[in-house]
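Okay, so here's just one chain, in structure tokens, the form predicted alone.
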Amino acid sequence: MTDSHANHGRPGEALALSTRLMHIGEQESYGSGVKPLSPPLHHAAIWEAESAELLGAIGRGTADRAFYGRYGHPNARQAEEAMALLEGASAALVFATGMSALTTTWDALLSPGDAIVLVGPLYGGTEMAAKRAARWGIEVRRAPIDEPATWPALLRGAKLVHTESITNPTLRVPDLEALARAAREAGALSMVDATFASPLLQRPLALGIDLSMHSATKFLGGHSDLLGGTIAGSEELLARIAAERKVLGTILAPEPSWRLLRSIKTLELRMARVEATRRVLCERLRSTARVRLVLDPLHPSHPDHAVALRMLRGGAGGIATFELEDEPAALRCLDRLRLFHRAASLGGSESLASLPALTSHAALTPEQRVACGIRAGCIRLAIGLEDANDLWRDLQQALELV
């Protein structure tokens, strides 16, 4: 770290992650011996070099300085420092959206004729990216998330394997250690969309995965007020992705970078709250007659329960998915909710409810959705920071009316 609090504490004492995050972006001075506790927001798109020699070094990439906003800027670098800390990574990059993080990474690592293996079911946006990759001559292979014995054969000759740490919305949990091992043996890179787990519940890089991705719009941003994406991994891999980001212009702008750093500092507190509430709601939903099924990786009824206990640290995130009898029942339930907002995202301070069949996976056919485990009566709850009992009373009255 380069900030003034990197070495605070007794000599030789390692600071906790939460403490280190609090002090990213602090400046040594600010004109007259004072400094802002909130990092300055840099609106500049262009920076002047103090000499022609330095300008040339920056242009050649031999000097790491602000130069041109599409290449990098102070607010992005501060958010990247925070993400590298969170992920336990050598480096991290921030992007304009989660989808731009994914597509920029795929563009940097894949060429026509290469093969990518998708271990799913996966988010609907990822499926759209897969169709785009296929149009550019990239072979797209599919692998089932719960059949790791099939992975080595499918990975043979592939360049990249992509999966989700907790899938949307069925909350399947792949064995990332087995996936990383299969990828290494096949000579492929491995990439995980870890949005649902957040870096507090899972660090894919520590499990052997090469690249960890997040939609920063969700739990990392935490307030439904920014769009963003992140990638963390080795400096060598991220240098290749950063070069592609320069070409595509997919870097996160200064203002949302500033908001992302602000939000990361409260991630630990927010995730603890939503996880506690998620457990309460799942337990009560399981005892409700009108609910046919509750998907909870930490419950023995979930097909990936044993894997989840090994892969996740202390929770399963802020998503609760359950099923009612059919789509009309699910629609009536959503229409009667008062505290839950009918919206399709997740990870914000307010609780949301959606029907995946009509939102994230609307582009799939009914048969494809069933194959992914998404039935017509499926409802996904994104847990916010409201009181757990208030949220339950809202669900209860909606279910009673159904």
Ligand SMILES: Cc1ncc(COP(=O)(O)O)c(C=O)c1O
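Quantities reported herein were computed from a predicted structural model and do not represent experimental measurements. Heads up: residue numbers just count along the shown sequence, starting at 1.
Below, we turn to the form predicted together with the named molecule, even though it does not appear here.
Handout entry: Residue stretch of 284-292, 211-219, 141-149, 86-94 approaching the named molecule in the predicted bound form, non-hydrogen atom distance within 4.5 Å
Key = Looking at the partner contacts, the answer comes out as 211-219.
Handout entry: 4.5 angstroms heavy atom contact with the named molecule in the predicted bound form for M99
Key = The answer is yes: M99 has a heavy atom within 4.5 Å of the named molecule.
Exercise for the section: Verify the contact flag for E80: yes if a non-hydrogen atom of it lies within 4.5 Å of a non-hydrogen atom of the named molecule in the predicted bound form, no if not. Expected result: No, no contact at 4.5 Å.
Practice task
Using the partner position in the predicted bound form, report whether G228 sits within 4.5 Å of the named molecule, counting heavy atoms only.
Solution key: Heavy-atom contact with the named molecule at 4.5 Å: present for G228.
Practice task
Examine T195 and determine whether its closest non-hydrogen atom to the named molecule in the predicted bound form is within 4.5 angstroms.
Solution key: It does: once the named molecule is placed as it appears in the predicted bound form, T195 has a heavy atom within 4.5 Å of it.
Practice task
Give, in sequence order, every residue of 110-140 that has a heavy atom within 4.5 Å of the named molecule in the predicted bound form, or say none if there are no such residues.
Solution key: Only Y123 sits within 4.5 Å of the partner.
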